[in-house]
Ligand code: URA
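The form predicted on its own is given below as one chain in structure tokens.
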Amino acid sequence: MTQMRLDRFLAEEGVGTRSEVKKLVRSGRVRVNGTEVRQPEYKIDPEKDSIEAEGRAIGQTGFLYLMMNKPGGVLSATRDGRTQTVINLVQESWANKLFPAGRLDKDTEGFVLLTNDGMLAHRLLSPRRHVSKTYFAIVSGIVTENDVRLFREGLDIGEKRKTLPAQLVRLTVDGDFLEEKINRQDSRSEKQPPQPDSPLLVSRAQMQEFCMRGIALSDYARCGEGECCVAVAVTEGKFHQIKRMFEAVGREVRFLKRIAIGTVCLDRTLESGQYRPLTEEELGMLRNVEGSAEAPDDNSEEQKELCSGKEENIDVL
């Protein structure tokens, strides 16, 4: 693990505020590996060094990984002076060690990964790695095959470049793939679902699993007259990207919920606001997610922005 300042470590462990722990260190009441240290800026390795404050051993909990079903109206941030955040929902003594690995729009629901593992977060969020995120959406009107094609080709949403190819799948209100239902009904004509011009971000089998395991019946029940259900997979996280993509094809997103990160699916048994630790299998899937060979510099501005945990209400999707 990268070394960190002693005062920062003590503050993150809940010993006190940054100013309080500086006074504590300077007063000679902190020891590192049995030796008194009076410099707040002294560098330590939390995984190797033994830290004591006023005779009490201070140690990190280790890496933590939680899957949360984020409710609407809650910010994907570590703290905010006015609005409840995902960290406020964690009723554990070590909640202050966590940060959300990526941000969802305030009114977007679903899978948020809460962790203190910055390296894994960097890997999942890096634009260079193109890790897919899959969403369930209810949109206005009827999504057409032309919309599916436009998503696959990339859309102009007012940025310098078009969006990267996205995968859009039309769903029935009971979770079936609309294309497959049409195909079954018209089997005598031997029609087949159209083949994409570019590789699928998520296999059809995986997409079906995400829809089956990640979308609750109450989510489908939100779909009203003049609306339709879709699943969409993207590999980017531009500001309000999915909403802007649907706007580009004349649709409005009425409800949005993230149901998968990479190949790890949201546990639909989690009620809104509930969370649970990732299983070893799920954690292994995230760690082994495919992507480019080169990870960005951990100190890059890109990564500081992605995992800063700042209070700003910067919504992504």
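Numbers for residues come from their place in the sequence shown, where the first is 1. This structure is a prediction, so every number in the text was calculated from the model and none was measured.
The same protein has a further form, the form predicted in complex with this ligand, not shown here; the description that follows concerns it.
Q: Contact with this ligand in the predicted complex for residue 241, defined as at least one heavy atom pair within 4.5 Å: yes or no?
A: Yes, residue 241 lies within 4.5 Å of this ligand in the predicted complex.
Q: Taking heavy atoms and a 4.5 Å cut-off, does residue 114 contact this ligand in the predicted complex?
A: Close contact is absent here: in the predicted complex, residue 114 is far from this ligand, nothing within 4.5 Å, heavy atoms only.
Q: Looking at the partner-bound form in the predicted complex, is residue 135 within 4.5 Å of this ligand by any heavy atom?
A: It does: once this ligand is placed as it appears in the predicted complex, residue 135 has a heavy atom within 4.5 Å of it.
Q: Would residue 256 show up as a contact with this ligand in the predicted complex if we use heavy atoms at 4.5 Å?
A: Flag for residue 256 set to yes.
Q: At 4.5 Å between heavy atoms, only one of the stretches 98-106, 200-208, 122-130, 156-164 reaches this ligand in the predicted complex; which one is it?
A: Looking at the other structure, the answer is 98-106.
Q: Going through 5-40 from first to last, which residues have a non-hydrogen atom within 4.5 Å of this ligand in the predicted complex?
A: Counting only heavy atoms within 4.5 Å of this ligand in the predicted complex, no residue of 5-40 makes contact.
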